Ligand code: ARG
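The form predicted alone is given below as one chain in structure tokens.
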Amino acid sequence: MTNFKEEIAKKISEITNIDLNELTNYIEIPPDTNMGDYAFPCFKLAKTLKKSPQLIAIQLQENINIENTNIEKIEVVGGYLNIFINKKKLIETVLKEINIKTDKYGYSEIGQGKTAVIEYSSPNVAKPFHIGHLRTTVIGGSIYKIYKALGYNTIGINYLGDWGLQFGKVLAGLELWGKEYDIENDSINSLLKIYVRFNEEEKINPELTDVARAWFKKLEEGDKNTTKTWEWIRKVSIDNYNKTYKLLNSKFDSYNGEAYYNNKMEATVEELEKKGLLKESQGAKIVDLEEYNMPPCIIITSAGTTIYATRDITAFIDRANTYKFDKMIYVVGAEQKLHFEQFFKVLEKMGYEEYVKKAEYVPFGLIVDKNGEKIGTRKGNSVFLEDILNEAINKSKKIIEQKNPNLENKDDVARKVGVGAIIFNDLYNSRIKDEIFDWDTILNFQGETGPYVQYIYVRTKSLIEKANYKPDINNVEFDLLLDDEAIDIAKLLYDFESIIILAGEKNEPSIIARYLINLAQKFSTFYNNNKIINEDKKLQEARLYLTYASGNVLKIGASLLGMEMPDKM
């Protein structure tokens, strides 16, 4: 596809002899379309060219030859060059590219030959999927899809919490009270009840802690029956999670959890010892990080056991060796900031600086209600994600039954709308902000929401179906799409690839979510101001192709968030 920014930069480079890539990075998109399609701030060149920005702008305008280019005109405003692109060339470039790439429009190859490893979701097994894991699952799932679209070999890792004393408690509880629960038919909820009961009983009878430790010791030592029970617990947990992952369109390439590194941590401790990094402190073994103004990183506790920092360090080294990654992304809550700073610093001290440079901690905020209170418990009971998703689906179905009672496949549409609404609500704002969970907002078909994006997409499908239209770029007369509303859409469609790239660079799916709202709103304006299906068949053909192109990009963008689009609503 024609790169207009590069074409502009090349013209400026020919006059100034300044590096093309440097100039391309300077080019901006003005906030007002009346100021041009692109703006070049000449302030950036004042020091190099030893002239005032306005004089540079005037001289560039006088010397840039726009004949036989895609530039329509250049205006000088203060120290800026305001550049207008030929509208016909813009619309033709965009629609022809969509015709070629169809459902891969916006995808690029900047990650070709590179590997991105993304760790996300990572719930603790033996418990139902808690709402607290919604954000890491949805944000991580979107980042996974974005990196795929950028051409990376993408590895999604679900680093399960499948080891530790908690299993000693579950195993002990199963032995003590297992027969009292419906383990066979309601495995995951029964395991949770047993775990909660054990913790309550432990407060009254502290000796139960030793019982749990004894069970976990049996597991650590590889006792056959204990290991078999642990494997069963892990399996029923993953089977349960996969129902939720299927709804959220989340995919993983590895379920290697904490247990996977159990027999690899000894080598990590030995390496730390050999490199003289371990120190004794109150019976524990630590890496001193005082010189970096951080608390010490505990590697071996005073009880002689490893800790999650030991496992994370081991996992990092193993992934570096296994995947030779170019990026290692951790999608974990903002409260873990110090932990990541600590174990990254330990890895640097161990000599893994090059791989640490490729590692990124991607934090996110909490889920809060409209009063700003954290959502996590409801009258003392856990809030499970499956319940939230089912509630969203049921609420969506009720709305559909009110608005369109004769709609076919209501259950499927309700699933796509309900789950899509939850996903979009999570991803619409910057991930570091707390997510406000308010049903009235989430399922609103008019606001800046998932259902609104889906509704506009359905409108594009409806228009195409009503006209019995089959998209054919050869029948499009581009001169008929030069009105302001069509050009506004074309500019957004043209920017889609750069939007995906920016979302990847910042690990920020909200960039795509906000883009989709903008595109949906621009199409709505186009629809309201232009008669798409009309008696002028050539005009209809052109407008329907733009309608098809808009719907296509809405669907691609939504898929990068993990949303599915219904064909009807």
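All residue numbers refer to positions in the sequence shown, first residue = 1. Just so it is clear, the model here is predicted, and its values are computed rather than measured.
One more form of this protein, predicted together with ligand ARG, exists but is not displayed; see below.
J.: Looking at 95-103, 275-283, 326-334, 189-197, which lies within 4.5 angstroms of ligand ARG in the predicted complex, counting heavy atoms?
T.: That would be stretch 326-334.
J.: Give me the residue from F445, W439, Y292, Y308 that has a heavy atom within 4.5 Å of ligand ARG in the predicted complex.
T.: The residue from F445, W439, Y292, Y308 that makes the contact is Y308.
J.: Of these, N82, S122, Q342, N86, which has a heavy atom no more than 4.5 Å from ligand ARG in the predicted complex?
T.: In short, S122.
J.: Taking H133, Y159 and D312 as the candidate spot, are all three within 4.5 angstroms of ligand ARG in the predicted complex by heavy atoms?
T.: Looking in the predicted complex, the three residues H133, Y159 and D312 all sit within 4.5 Å of ligand ARG (heavy atoms).
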